[in-house]
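Take a look at this single chain in structure tokens; it is the form predicted on its own.
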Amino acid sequence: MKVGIIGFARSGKTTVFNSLTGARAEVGAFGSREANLAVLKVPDERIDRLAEIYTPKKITYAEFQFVDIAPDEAAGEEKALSSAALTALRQVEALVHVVRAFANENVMHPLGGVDAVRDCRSLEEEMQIDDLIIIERRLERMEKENKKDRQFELLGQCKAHIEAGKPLRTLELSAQEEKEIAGFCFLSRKPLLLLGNYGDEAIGKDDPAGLLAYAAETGQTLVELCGAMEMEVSQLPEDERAAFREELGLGEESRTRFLKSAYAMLGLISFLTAGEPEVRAWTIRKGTRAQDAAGVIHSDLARGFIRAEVTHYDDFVKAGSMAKAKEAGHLRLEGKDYIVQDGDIMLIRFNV
């Protein structure tokens, strides 16, 4: 899962990037066009337990790849996204908008003052305008070619939706319609998570920046954190972090809260494979069929899919071994249309 971190200059994007990933990217490198990249392994107690049982040669957790694109201030103070950022962000699967909710007189906001809700609306509008430009260009070309097919009608619906002031992620589409517009990589269609970046003075206060109310109004998911403080904690030795967090009243670790929210927003689950060669978590969307899940492991497994041997992690742990799980009737044979559940341990049988 590739996630793009977006936001206005001086919103603390790189600070948040560091706090979530444990990276040490340079903070305040406004002029750089180089993206910061990091991979965050998703903590999973199930993988840890399976590794204890199988003692595998390799352990692989589910991963999020983060892309933090430094703002190009030459593109204009009023914009959060440069043309280079727009191009790069079309390649990601989800977006995290880091919203500045902290005051710091030494770090001026590019729009002149801190207003978190204004920033949310402004960046949303930027993405919608960019999508609208793409749609209008495509529709104009199709009209010239007299190609008024189903895609033409669908793009017309998208245009009307944006002109009504609504992001494309709120437009209900069928699976087939989704496929027809997927190639355009519309930014306002991508899942968007709001991440409020607060100062330490906000700890314990109720919605000081109005972001909770905005998220409720728009039906979006909000994660709140104190980016600068979280970054300091993330760079401490692991055995010191819990005590430090408790002393500062920070609560659950920021990356854990973020991952829970991201998984819920994106509708993600993990299924597991286990054996002596490797214990691994695989990320899929809820509602994925067994044959499609097999394709996440390797395309050959989907192409030659015969069946899946499935037991749930909870049943496996209670039984103590795969053999005992089978004896207890917890090991099932499932066909290609079986809907994979979070925590399923699967062995794919195939023939190519």
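Model, not experiment: these values are computed from the prediction. Quick note: we count residues from 1 along the sequence shown, nothing fancier.
The next section is about a form of this same protein that is not shown, the form predicted together with a small molecule.
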* Structure fact -> Note: the small molecule not shown here; in the predicted complex, the stretch from 117 to 125, 191 to 199, 160 to 168, 239 to 247 having heavy atoms within 4.5 Å of it is 191 to 199
* Just to confirm, residue 279 within 4.5 Å of the small molecule in the predicted complex by heavy atoms? -> no
* Asked: Should residue 19 be classed as touching the small molecule in the predicted complex when contacts are defined as heavy atoms within 4.5 Å?
  -> no
* Asked: Taking heavy atoms and a 4.5 Å cut-off, does residue 269 contact the small molecule in the predicted complex?
  -> no
* Asked: Is residue 102 close enough to touch the small molecule in the predicted complex, meaning at least one heavy atom pair within 4.5 Å?
  -> yes
* Heavy atom within 4.5 Å of the small molecule in the predicted complex: which of 228, 222, 259, 132? -> 228
